[in-house]
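Only one chain is given next, in structure tokens, and it is the form predicted on its own.
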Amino acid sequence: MRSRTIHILNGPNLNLLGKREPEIYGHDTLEDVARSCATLAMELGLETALYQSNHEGEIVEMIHRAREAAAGIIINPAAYTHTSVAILDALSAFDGPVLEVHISNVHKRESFRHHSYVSLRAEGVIAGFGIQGYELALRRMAVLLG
């Protein structure tokens, strides 16, 4: 049977979600994201596994592991969005759908945040909906996986 597990990967500083710049990122934590996604995934006939790292190479390794274990990837690469060709290359080696999520609307922020390497691989990008963006991505993933 084909995997129905979605890996939700989070980049640097997202371990501080709910504590760091709540005026931009809100008060919800990464644990809240994990809980809400797991609940929704059950309704959609999916499973989720949420990971976070502040280290680029570790995120690349997470993507490599997803090749064997995940049907799709939802990724919030955080600051690596704008800098990491290594993450783009790893995502390009993943066969399933990839959705990019950003909690804030990156297009209303500093100009360097307007470019995303990850978008070159992602089937879609969700930005500016707070942590609800993860749920929107999960709903879209369910459609993509059929």
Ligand code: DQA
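Everything numeric in this text was worked out from a predicted model, so none of it was measured. Each residue number is its position in the shown sequence, starting from 1.
If you look for the form predicted in complex with the ligand, you will not find it shown, but the lines that follow are about it.
Contact with the ligand, judged by heavy atoms within 4.5 Å in the predicted bound form, is confined among 64 to 72, 83 to 91, 31 to 39, 103 to 111 to 103 to 111. For the residues Ala78, Leu50, Val60, Leu46, the 4.5 Å heavy atom test against the ligand in the predicted bound form is passed only by Ala78.
In the predicted bound form, at least one heavy atom of Arg20 sits within 4.5 Å of a heavy atom of the ligand.
At a distance threshold of 4.5 angstroms between non-hydrogen atoms, Pro12 is in contact with the ligand in the predicted bound form.
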